[in-house]
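This document starts with one chain, in the form predicted alone, laid out as structure tokens.
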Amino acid sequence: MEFDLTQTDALLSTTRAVRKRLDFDREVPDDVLLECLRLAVQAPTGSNRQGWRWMVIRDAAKKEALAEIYRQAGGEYLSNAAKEAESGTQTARVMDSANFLAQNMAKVPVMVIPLIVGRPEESPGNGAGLFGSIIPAMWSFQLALRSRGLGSCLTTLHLQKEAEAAELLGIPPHLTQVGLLPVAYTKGTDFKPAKRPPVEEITYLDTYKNPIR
């Protein structure tokens, strides 16, 4: 099997955390959402347990209640961070964008909460294996969304009030919420790679004191 590397690399390098460019007014069909989730569950899982589960929220009242939980958990932090970030910097843009999403979270057509069977406090390695069994699927889901003209953003603030969200959505206690993904079509698809440090400066060979370059 040969891949179009130009297209593949573009998908990998331009799948951004989308907040301000989510289209709140366009419906996300179930068949598109399920198609992306079918691709997501092709991701590897620890010991092939396949413990991922997915909570899809469309009900307006539940979205509003979940958005309120999100704001209670981190709204003040995001608002202050947006005000305090140095104007014109990438950090300022990100914080402003994150604050915008917090204030408008209930407007997204769909919210998706990735779940994993098990609890981190019961998992060896402080939950690394547990989260490692769902995070690859979450990223595959985001890539599948991007390839179909949709966007998302992995948020975790509401996890500070995980119990409240679980009660709202009827999530059993043996499942762990790993984030919240607002999902919508994007306003335009012209996303670009983000500015990142040269990989040679953050990659090491055999010992942390030995940069690979």
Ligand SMILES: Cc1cc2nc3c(=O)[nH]c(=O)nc-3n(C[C@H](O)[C@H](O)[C@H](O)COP(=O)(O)O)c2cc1C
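One rule holds for the numbers: they count along the sequence shown, beginning at 1. Nothing here was measured: the structure is a model prediction, and the numbers come from that model.
There is also a form predicted together with the named molecule; it is not shown, and the following applies to it.
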Q | Candidate stretches 168-176, 54-62, 29-37, 153-161, one within 4.5 Å of the named molecule in the predicted bound form by heavy atom | A | 153-161
**Q.** Candidate spot Leu12, Ile134 and Ala137, all three touching the named molecule in the predicted bound form (heavy atom, 4.5 Å)
**A.** no
Q) Does Val94 make contact with the named molecule in the predicted bound form, using a 4.5 Å heavy atom cut-off? A) yes
Q.
Against the named molecule in the predicted bound form, would Ile116 count as a contact residue? Criterion: heavy atoms within 4.5 Å.
A. no
Q) Does the named molecule get within 4.5 angstroms of any non-hydrogen atom of Val112 in the predicted bound form? A) no
Q: Answer for Ala106 alone: is it within 4.5 Å of the named molecule in the predicted bound form, judged on heavy atom distances?
A: no
Q: Note which of Ala81, Ala73, Ala98, Leu143 lies within 4.5 Å of the named molecule in the predicted bound form, where distance is taken over heavy atoms; exactly one does.
A: Ala98
Q: Could you run down 13-52 and flag each residue that has a heavy atom within 4.5 Å of the named molecule in the predicted bound form?
A: Arg16, Ala17, Arg19
